[in-house]
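Here we start with a single chain on its own, the form predicted alone, put down as structure tokens.
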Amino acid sequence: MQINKTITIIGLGYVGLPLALLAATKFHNCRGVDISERRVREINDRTVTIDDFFAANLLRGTSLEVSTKVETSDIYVVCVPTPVNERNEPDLSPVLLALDLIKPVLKDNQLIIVESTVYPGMCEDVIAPYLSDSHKKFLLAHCPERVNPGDPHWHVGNIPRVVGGIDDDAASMAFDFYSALIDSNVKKLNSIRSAEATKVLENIFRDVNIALMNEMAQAFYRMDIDVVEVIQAASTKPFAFMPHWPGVGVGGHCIAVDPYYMIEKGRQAGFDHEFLKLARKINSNMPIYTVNLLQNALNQLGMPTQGVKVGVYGLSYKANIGDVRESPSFDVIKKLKTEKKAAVKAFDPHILSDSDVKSLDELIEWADALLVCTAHNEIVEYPIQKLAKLKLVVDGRNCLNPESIKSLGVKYKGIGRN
């Protein structure tokens, strides 16, 4: 399918840049817009780093026009962040700023697609009224973003998508756009609210299941049962079970944020999402649990936490990428320093600019205890004998072999495993 439209992608981050690069390979008139002059310069210079194999290849070989200004287009795709504020309430200012860029150049019958994650009803209740003072007959659709940074297989070009429109014309135009853009299925939903709810449900599903595993891990730990072995055993069942894994905490812009959008929308509708709030509480408390696990293990060794040298490995929320959004590592570091008075140095091979040392070897050489917050390949494949000088390893991602570490005479603690 071919479409002869001008397209503008607004917001050139983890979602927008891969989308804009793909669109530039498929359509003649595609532009990218970001309010950050630095970001625009990096993309033009091809110096921006992308934790996306597919998009990184496109960046090297695709000509994409980018700027800080929006020009009139047939289709505008909004890919800006949707964070929460300090009270965990939805912060809609990035979306509204993107709409402010569109309104002066908007013309009748142009389509605005929101990929940013929003709560059900936001397009109809907030975005459409906000655009109404443009006095244009616009079309409005929602296609919730789906990206998985660092995944070598699934990327913006082959992940199935869903779309919904404020009316059938908007839904049909959005459906045609994505059908021409990606090499996968596009499902047109009956309403824009269904599209909004789809993304929220996807991320809530993961949040509550991770919370379940985090709670079970804490219970199994007290019972001297290895949670990893149990999850692996349950995974042999070929139906009705999907493994999720406990850990030091949940990060990223989706799982750690999106449930709050549904909680707030439920509150506005007179519904109290007790289950979602409990899952958020469990997952948000995992950095505290992990630090306390380290403290208890040190106490068993007769070592105080005050002044102990703790090497924190991993700043990214996810393995093998350099993304620190909502990363639990920073909560861990803060609690170690301020509450436990430990001496802390951190290292992440993907985020050297924020690391306190230059290598994992240097971190190990300095530390008394190692706390693993990110399961990068480097630590998973690290020669186990190099950990022998440590007193303690706390494996916040259950990515190391407990028996191998214990064989060195080093104390080991994992999340739900001794």
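Note that the coordinates shown come from a computational prediction; the quantities given were computed from them, not determined experimentally. The first residue of the sequence shown is number 1, and the count goes up from there.
Beyond the structure shown, there is the form predicted together with a small molecule, which is absent from this document and is the topic of what follows.
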Task: Option touching the small molecule, based on a heavy atom within 4.5 Å in the model of the complex, out of V227, V147, L140, I204 - done: V147
Task: Location of the small molecule contact in the model of the complex, chosen stretch of 89-97, 183-191, 122-130, 170-178 [non-hydrogen atom, 4.5 Å] - done: 89-97
Open item on the list: Quick check on P81: any heavy atom within 4.5 Å of the small molecule in the model of the complex?
Closed with: yes
Open item on the list: Quick check on C254: any heavy atom within 4.5 Å of the small molecule in the model of the complex?
Closed with: yes
Open item on the list: Check R325 for me: does it contact the small molecule in the model of the complex (non-hydrogen atoms, 4.5 angstroms)?
Closed with: yes
- [ ] Examine L360 and determine whether its closest non-hydrogen atom to the small molecule in the model of the complex is within 4.5 angstroms.
- [x] no
TODO: Could you tell me if all three of L12, L101 and T117 have a heavy atom no more than 4.5 Å from the small molecule in the model of the complex?
DONE: yes
